[in-house]
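Given as structure tokens, the chain that follows is alone and in the form predicted alone.
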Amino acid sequence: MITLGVPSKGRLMEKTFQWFAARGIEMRRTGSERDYGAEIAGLPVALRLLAAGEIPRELAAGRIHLGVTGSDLVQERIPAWDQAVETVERMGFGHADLIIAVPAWWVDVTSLDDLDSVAADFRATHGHRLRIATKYHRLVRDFLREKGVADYRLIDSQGATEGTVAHGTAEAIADITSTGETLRANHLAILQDGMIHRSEATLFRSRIAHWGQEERASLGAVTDLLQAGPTK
């Protein structure tokens, strides 16, 4: 038997259940909302309800064989993620973009080159690096290194990242957005080339988990249904 981890609450859980149901895999809760019991009927698969942010950790540790979570969380939270997990299928929901945004009143800052120039001037003027608030340190650092932006400092944000500029704790942000409405409400503008990662809910397979003959047979039963596609 293999273990599949899926989000434990909210629209992401609902969408996940619906996505699998459309492919003939019926998931159901078996207890109250507090005990997180769940099962899959008719397949040799144990279902675990987990916080979406816990699923990358469980995949990387090999404690679950399959997991549904955002691709942003996997790439942020698993070092060398493509060596620890592989993508089984992109699921077509839970879309969000990880972007870099600056104050809307920085009218001359529309690109990463502009940001790089402003960052250098900022350090010369203020004596410290321009601060970028984010929850996504690995993804942002790798992206900015690749783009040649150097004079900045990442500030950890565990609350409302969009508010850090208004509160004076950062000069720019790197955060997830779906519609951009919250950014606009906080007077922030996305850089034209500031797209770091387009995230969506994705079914991942752990490369670290034990994959014996029985586990591979169970995976085959699941993937046969997935490959058949949604039922009418």
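This is a predicted model, so every value here is computed, not measured. Numbering starts at 1 and runs along the sequence shown.
Here the subject shifts to the form predicted in complex with a small molecule, a form of this protein not shown in this document.
- Not displayed here, the small molecule is kept clear of Thr169 by more than 4.5 Å at the level of heavy atoms in the predicted complex.
- With a 4.5 Å cutoff on heavy atoms, Asp72 counts as touching the small molecule in the predicted complex.
- Among heavy atoms of Leu12, some come within 4.5 Å of the small molecule in the predicted complex.
- At the 4.5 Å threshold, heavy atoms of Gly53 reach the small molecule in the predicted complex.
- The partner is not drawn, yet in the predicted complex one stretch among 40 to 48, 203 to 211, 176 to 184, 22 to 30 has residues with heavy atoms inside 4.5 Å of the small molecule: 176 to 184.
- The contact residue chosen from His95, Arg141, Arg90, Arg129 relative to the small molecule in the predicted complex is His95, the criterion being a non-hydrogen atom within 4.5 angstroms.
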